[in-house]
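Starting off, we have a lone chain in the form predicted on its own, written out as structure tokens.
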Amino acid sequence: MNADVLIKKIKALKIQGAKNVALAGLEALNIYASEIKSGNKEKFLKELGSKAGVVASSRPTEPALRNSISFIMRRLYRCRDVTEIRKTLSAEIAEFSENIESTIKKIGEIGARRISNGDVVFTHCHSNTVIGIFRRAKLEGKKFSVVCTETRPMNQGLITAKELAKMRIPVTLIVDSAARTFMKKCDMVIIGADAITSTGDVVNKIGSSTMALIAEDLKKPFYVAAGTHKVDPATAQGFLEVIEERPKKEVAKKINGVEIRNPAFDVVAARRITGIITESGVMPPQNVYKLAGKFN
């Protein structure tokens, strides 16, 4: 596939989920590398570095994508020549993919321990990591059900509902504004994360902070399932996480005299999070940054 086409798909949300976005971005980088003709190491890396910047900026609020690219690029600068760079790039991408899959599997095992027979779990948007928890709990023979929001404006909750139905996990799909009504009867909330800041705040699909506020008011445990590769190291240097604003047409067609806004994410304050389920265990949000050295 053409690398530019992959980037367009990432920007258009045709590729979703931090894992899928990161892997698609790395695939695009690999394709760009294959198209570079220079045999000079410095010129090759300069051109590839420029392309890496294009890939990393395709989804501003996806540190997993940026972290994976910067992690791999640092290793490429240590290579002796272009031949070694090409080999190293392919090897590092394969290893990163394996690490991500291992991380999701481990989080699934740890997160499933929080689910008991008879539980009703509330979730918002779509997360491969959260789905991994539900899949593991199902494999362990636990009887539970899930309530998921449709998650406007892109309706990612429909993906969650369909995947759970395929796994024969009882699932109820609701409109976002019905969250409080249904959360009253749920035992806990589990969502994913697009980014985790150095202070433990979590950036996720718009509406996530609303779900956290409702959970806090109803005294429901609120968990975030995310690997440490979601931590954005730039936030430790004082930079704020970018909240991407997407095309207005995703919300509604143009209406004369009406301003349409479409922020894609909001921020869940660390104080409202019961715990973040990582590959290293369930821990207070403020502690996650300390574990995030592997991919940063």
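Just so it is clear, the model here is predicted, and its values are computed rather than measured. Residue numbers run from 1 along the displayed sequence.
A second form of this protein, the form predicted in complex with ribulose-1,5-diphosphate (RUB), is not displayed here; the remarks below concern that form.
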(message) Using a 4.5 angstroms cut-off on non-hydrogen atoms, would G17 count as touching ribulose-1,5-diphosphate (RUB) in the model of the complex?
(response) yes
(request) Mark S127 yes when one of its heavy atoms lies within 4.5 Å of a heavy atom of ribulose-1,5-diphosphate (RUB) in the model of the complex, and no otherwise. (result) yes
(request) Classify L13 as contacting or not contacting ribulose-1,5-diphosphate (RUB) in the model of the complex by the rule of any non-hydrogen atom within 4.5 angstroms, answering yes or no. (result) yes
(request) Answer with yes or no whether R59 is in contact with ribulose-1,5-diphosphate (RUB) in the model of the complex, where contact means some heavy atom within 4.5 Å. (result) yes
(request) Look at the stretches 127-135, 109-117, 83-91, 69-77 and give the one with heavy atoms within 4.5 Å of ribulose-1,5-diphosphate (RUB) in the model of the complex. (result) 127-135
(request) Give, in sequence order, every residue of 163-197 that has a heavy atom within 4.5 Å of ribulose-1,5-diphosphate (RUB) in the model of the complex, or say none if there are no such residues. (result) G192, A193, D194
